[in-house]
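Next up: a single chain in structure tokens, the form predicted alone.
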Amino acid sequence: MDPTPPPILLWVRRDLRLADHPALAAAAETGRPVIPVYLHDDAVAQLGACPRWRLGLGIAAFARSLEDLGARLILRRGPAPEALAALAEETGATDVWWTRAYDPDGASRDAAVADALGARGVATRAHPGHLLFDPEAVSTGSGGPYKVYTPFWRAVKDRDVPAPLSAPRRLAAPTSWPDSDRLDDWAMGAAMNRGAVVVAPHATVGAEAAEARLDRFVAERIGAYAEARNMLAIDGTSRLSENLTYGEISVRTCWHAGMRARAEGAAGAETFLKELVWRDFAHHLAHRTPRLLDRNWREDWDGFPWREDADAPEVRRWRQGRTGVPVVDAAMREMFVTGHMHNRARMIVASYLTKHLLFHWRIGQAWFDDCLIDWDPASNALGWQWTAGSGPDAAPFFRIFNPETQAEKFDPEGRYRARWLAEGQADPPTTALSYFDAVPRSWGLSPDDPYPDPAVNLREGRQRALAAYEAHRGSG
């Protein structure tokens, strides 16, 4: 009888699914034993409180799904090159495969792993799966990256996107499974404190739940998506950003569902497809122009006089949802209770912080990094820089959202604000009261507090922002 062939280590990251997982499918097709592994390395340790907690839930769900295939998810802690080399030596694995990462830190980590394992005679392979299109395969006529979204959309909208792959029915097991950490010992939710109990009911975790979420969206809401996605008080969006972030559903699966809906005449399907491509656009830019993630993408904005005191009283009020501007405060509280914020609201609160208050977009970006259940490094950075005016294809700085006008247009009956603001209501809803259960006790907030006066007069804040913009243009 032939000896058992050497196993393949499947290094799992933001691809917590069985279906349409190219690396997993390719490993299963070999018939060799497959050992899935998740590493708690610096990339995990550096995550904000809410993303790290939510990742832990996703890892647990993925581990359960692997058990149905006769497999296990091995958990190890430590730098990826060393941890994977040690595991390969323990198991006799001759190959380590993964889904390619495109963010700068992820790409550097992948290269370091490939070098370290290659020096030990272990073969490595990076598979596609995180994006619709590989960044190197989408370039302008001059060979550079697209810097404006609309030409990017036109360049890719008619390209072939391979059909999603089926999940394997079984994975060959190794002769013996290596030791694994316990997920509970990683304490992924420690930084959430009491907030985890509040946010948990709002999370939709795992591949099965993600696929059901997509099915419901296509069946019930995609037709009205183009208009409904902007209305703050209704459930008009897909909410798939949470699951795409952790790879609990593939973007190809979402794309093909959108294409079928468009073929069947759903009016909002193309807008949905454009949002999926916007996600690719963000990752392509982060890959090819890494400064998007932590510096002004447009370098001529480096001298703009944004305020950079992250501990300023106005910033504290913004974080706490106590700016005195109801739609801004409702949005900030929605995020603290659910780990999610409506996309229209994200633009409103970002414009308020960077323009009415004149604080640097990086301060807002960092708070979102800590609080969002659907945190994605490229999408979050592009969103903040787009609103602030410093990014690619950005809204002009002088486009300053008036929060009151935005509320009148996108929350005309005030239902969104009432859902999240307890102060002043005789019988506040549970959603609004939950905010006070989630926030740190050190904030000393109570639903019985009076609603605060505005941190800044909106007209004066707008005029100050425009004056700063004109002075900056004049200095250039």
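Remember, predicted model here, so these are calculated numbers, not experimental data. So that there is no doubt, residue numbering starts at 1 and follows the sequence shown.
The same protein also has a form predicted in complex with a small molecule, omitted here; what follows describes it.
Between 343 to 351, 116 to 124, 162 to 170, 294 to 302, the stretch whose residues reach within 4.5 angstroms of the small molecule in the predicted bound form through a non-hydrogen atom is 343 to 351.
The closest heavy atom approach of Leu244 to the small molecule in the predicted bound form falls within 4.5 Å. The small molecule in the predicted bound form is not approached by Thr91, whose heavy atoms all lie more than 4.5 angstroms from it. Mapping the unseen interface onto this chain, Asp95 falls outside it, with no heavy atom inside 4.5 Å of the small molecule in the predicted bound form.
Shown alone here, Asp103 lies farther than 4.5 Å from the small molecule in the predicted bound form, counting heavy atoms only. For a residue to qualify, one of its non-hydrogen atoms must sit within 4.5 Å of the small molecule in the predicted bound form; none of Gln320, Arg419 and Thr431 qualifies. Interface residue among Leu73, Val156, Leu276, Ile400 relative to the small molecule in the predicted bound form, by the heavy atom within 4.5 Å criterion: Leu276.
With the partner omitted here, the residue from Thr99, Asn380, Gln406, Thr338 that has a non-hydrogen atom within 4.5 angstroms of the small molecule in the predicted bound form is Asn380.
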